[in-house]
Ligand code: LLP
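Just one chain is shown here, as structure tokens, and it is the form predicted alone.
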């Protein structure tokens, strides 16, 4: 059963209720089975050899899920020294960890150098900093902004002329000059066009653009195309066509190998695709307010624990786990943060909510818990992992 289907089995609702009874709410519940399914289906559709799937730790840094992904064969993609530490605690070795981030401080860059692993310089300044200090045995790549963007919101489009990320292809000559100055070569190229992309041809277009730039370098050890693989948030929304995506990836890489005459390692950095559908934020109904204009259902969580609706206007399907087959009412589900923008859903049909009912906010496994804060001096959400 796809995680975004509007009606769950009684068993699944029972698991959520049992977890909430044991831990209380608000509660993030993660299902390991779904993470496993998503990882295996993605790995299975790409037949290109030397494939590496680097999990984007920023999407979800739950230790148990990180350990699961490592067992499945994933490497780790990190954007801070803190994420590198989390990955190492979960068992990832230095060689299994890559780092890419814009505008990192000198202290951060030094910590990354000490930590080991692959680094992808986001700017010419970073490239010179790394080239001067990084041991020559360590892989050194560059992040390229090919001018191609994709994603569900402008804030998550990480390519294109307005993006802060990466160096421009016109700066390749400068990058090679900087590396040569310190007796190095560029080992790999990296890009990331955005988040929650559902269009396979757009991925292929971005791949071809980066591979075109790759031909300006000496033989590369790896090409890293970032992540951004999307998932359906609304019931009935089409899924990313993973088999089609796999065929496009294989064909694009085969064309490159035939033309370039060598076979670099191939890396992707999925985050949301592997964990979003595995996560549910379980909240309790704490208030019920009818006005001449709306019916508000108040819950014991807020945008301090799931920021995406307030930040991006993102849709998360919501179900009444306590009364899933109740008569549908059009309600606005609002949180307990003292902000007018603290709303999870506006004028949404929902099965008859009552005080004390448990609501399941779906597809919350990516960029939910990791973006949580203690705003309004409220505690961070509780977490449970089920199998």
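Remember, it's a predicted structure, so these values are computed and weren't measured experimentally. Positions refer to the first chain, counted from 1.
Form predicted together with the ligand: not shown, discussed below.
Novice: Considering 301, 195, 118, 126, which brings a non-hydrogen atom within 4.5 Å of the ligand in the predicted complex?
Specialist: Only one option qualifies, and that one is 195.
Novice: The ligand is absent from this chain, but in the predicted complex, do 169, 222 and 264 each have a non-hydrogen atom within 4.5 Å of it?
Specialist: No, because 169, 222 and 264 lack any heavy atom that approaches the ligand to within 4.5 Å in the predicted complex.
Novice: Heavy atoms within 4.5 Å of the ligand in the predicted complex: which stretch among 278 to 286, 265 to 273, 105 to 113, 131 to 139?
Specialist: Only one stretch passes the 4.5 Å heavy-atom test: 265 to 273.
Novice: Give a yes/no on whether residue 318 approaches the ligand to within 4.5 Å in the predicted complex, heavy atoms considered.
Specialist: Because no heavy atom of residue 318 falls inside 4.5 Å of the ligand in the predicted complex, the answer is no.
Novice: I'd like to check something about residue 53: if you look in the predicted complex, is any of its heavy atoms closer than or equal to 4.5 Å to a heavy atom of the ligand?
Specialist: Output for residue 53 is no: heavy atoms all beyond 4.5 Å of the ligand.
Novice: With a 4.5 Å heavy atom cut-off, would you call residue 227 a contact of the ligand in the predicted complex?
Specialist: Yes, residue 227 sits close enough to the ligand in the predicted complex that at least one of its heavy atoms falls within 4.5 Å.
Novice: Although the ligand is absent from this view, report whether residue 217 comes within 4.5 Å of it in the predicted complex, heavy atoms only.
Specialist: Answer no; every heavy atom of residue 217 is more than 4.5 Å from the ligand in the predicted complex.
Novice: For the stretch 364 to 387, I need every residue with any heavy atom inside 4.5 Å of the ligand in the predicted complex, listed N to C.
Specialist: Heavy-atom contacts to the ligand in the predicted complex: 367, 371.
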